Structures are given as structure tokens and as C-alpha cells.
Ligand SMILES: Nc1ncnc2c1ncn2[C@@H]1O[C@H](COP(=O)(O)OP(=O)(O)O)[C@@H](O)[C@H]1O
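We begin with a single chain expressed as C-alpha cells, specifically the form predicted on its own.
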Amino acid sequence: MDIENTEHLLDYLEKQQGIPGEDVTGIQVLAGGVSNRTVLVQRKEGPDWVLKQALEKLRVADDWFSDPERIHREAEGMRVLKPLTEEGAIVQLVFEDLRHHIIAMEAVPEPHVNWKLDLLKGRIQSSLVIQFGSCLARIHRNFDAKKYPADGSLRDQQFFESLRVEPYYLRSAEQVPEVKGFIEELVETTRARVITVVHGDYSPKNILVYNEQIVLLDHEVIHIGDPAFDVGFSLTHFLSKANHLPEHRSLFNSAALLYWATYESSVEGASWASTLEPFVVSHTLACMLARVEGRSPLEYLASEAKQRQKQWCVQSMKRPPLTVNALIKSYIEYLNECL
């Protein structure tokens, strides 16, 4: 069963989901992800759907495998995240097919834009940066790990290990032996910090903007763990774009500072918030290195930009900045000195 095969998909929708062929007005394969087949199904009756089917071998140059069962983790993520966030921030789950590892969700209406594409054009709206920070803070702060079932799937970190720890952190440690100690210590600490729900893929790539509101997608790495990972993972995207787009560097600098300030103020008072910052610094450094030396390098960074990012990360891991603001300042100053 391959949902990117139109004939297969039409037959599947009619026989398995009771959707007659005449109700389907269009099928479009969506690009962008490396871990799933994703298809837009346009319908005559009711809202359009997006179907996702997990791949066992991810679409990257390296051999990178992950259990297709992770698609059902994404379905659980949608169920968990929807009540934690603002109305409209998480799309409605339609159905979940355990046999074929498929989920369907309501499509975000048109017109919408992918936030990553806007950022790569230097289009930075402060209101969206604030939403991005406050949405993550809501997720981290509103989830109550004590009330989540003891046998619930989010307590299992296998997909975080196979999709983040090994291909991002441990792969970087192999590629850059001089920081192996820093990364391995961070991995050990992260595994022990089981605090709240962690999205695991919180990035502009997974944000659609509709009616000036962000909509968060792609929840297959969600688990209960260290919230600092999400913050470091997402900060990496602002800082890497500051590297890629020097003409917009000051805007990305401001966006990174605003994002962190929004998040930090929004989680203030949470039992874990006062000790979070050093771990955010460490995860940001590790993620920035991973996005140039791991199994999923940022496609928009040229080789020279990747080398700059690597050199700064290696230097900074020897003596990490004490605060997130100091980390942002250090990186921007480093980039400006490289001009």
C-alpha cells in the first residue's frame, strides 16, 4: 500500500474508509518531509484531508531507519497537544490506520504559507515569533506528566532516540571527535530529564501560517522528556538562517532574542523553569552542530556556511556561554567577524 500511488489511494479510500471516488476531486503529493509519504486529498463533500504514511527508510543520503509505528505516536501527539494549545494550533485527527501505518487529518485551509519558506526570504514577523515562543511554552507548561497514563506511549523515547539522539547527536560525536565528551554527557543528562511533553520537531518547517495564526504539524517525535531540547532545536533555525542570510542577520538576531524572551517569560513559575537555561544552551550548541554534521544537514547552508557553524560550535562547547542571550550574541558576533 503506497498512498503516493493514486490508484492505490483511491481504492484504499473507497474500500477502507468508505469515501467514494466521485467525492475525491484531486490528489496531490506533498513535498518537504524525509520520513513520511504525505498526500493532500481534495474532497467535494467536507474538508480536504492530508494523509501521512510512515517510511521505514528515511529519504536522506545516509542509511537512516525508523519503525513506521511512529506514525501512531503522531496521532497520540495530536490528541495530547490539541487541549494544551490555542484553538486552531493543532489540526483535527480524522482517522488512524494501524495496519498500513497511515493517519489522516483535516487540511489547513488555503491560503496558507509554510513559515520556513517565508523566513528563508527574510520575511520575519514579530507577531509570529511571539506565537512560536508562546505555543511551545503552553505545550511544556500545560502538560501534567503525573496525570498521563503510566503505560501511555509518550513515556517511550524510542523515536526520539532513533530520529534525534542517534542521527543528530551521536552521529555528530562520531564526525567531530573533539566534542564527543560534551555530546555524550548531554545525551546522558537528557535521557534522565523526564519532565514534560517534548515535541521533538519544533521548527519553522513544521509551521503553517493561516489567517496570521501558526498551525503546528508533524508530531512523530513527541515524548515525555527534556523541554530544553525543543528550545535548542528551534533556536537553531533562527541562528542558522542568520548564518545563511547575512543581509537579514540583524533581524534573525532579534527574532532569536524575542523567541527566547517570550518562551522564558511564559514558563516562569513552572517547577522546572528556573534550572532550564543551561540545558537550552547545551542543546542549542549540539543541534547547531548536528544540522551541519549529523544525518540531516540543513539543505540551504552552503559548505562555507556549514564550516563556519561547525567551528563556532566546537569552540563554544569547550566553554559554553552561561545564558541563551550570551550564546546568541556570541554567534552573531562570530558571524560578523567572518565577513
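Keep in mind that this is a model prediction, so the values were computed, not measured. Note that residue numbering begins at 1 and tracks the sequence as displayed.
There is another form of this protein, the form predicted in complex with the ligand, and it is not shown here; the text below is about that form.
Not one of 239, 282 and 325 comes within 4.5 Å of the ligand in the model of the complex, counting any heavy atom. In short, of 175 to 183, 252 to 260, 105 to 113, 230 to 238 it is 105 to 113 that has heavy atoms within 4.5 Å of the ligand in the model of the complex. Residue-level contacts in the model of the complex: of 217, 129, 187, 163, one residue has a heavy atom within 4.5 Å of the ligand, and it is 217. Of the candidates 123, 100, 155, 205, 205 is the one whose heavy atoms come within 4.5 Å of the ligand in the model of the complex; the others do not. At a distance threshold of 4.5 angstroms between non-hydrogen atoms, residue 314 is out of contact with the ligand in the model of the complex. The ligand in the model of the complex comes within 4.5 Å of a heavy atom belonging to residue 31.
For residue 292, no non-hydrogen atom is located within 4.5 Å of the ligand in the model of the complex, even though that partner is not displayed. Remark: residue 309 does not count among the residues lining the ligand in the model of the complex, judged by a heavy atom distance of 4.5 Å or less.
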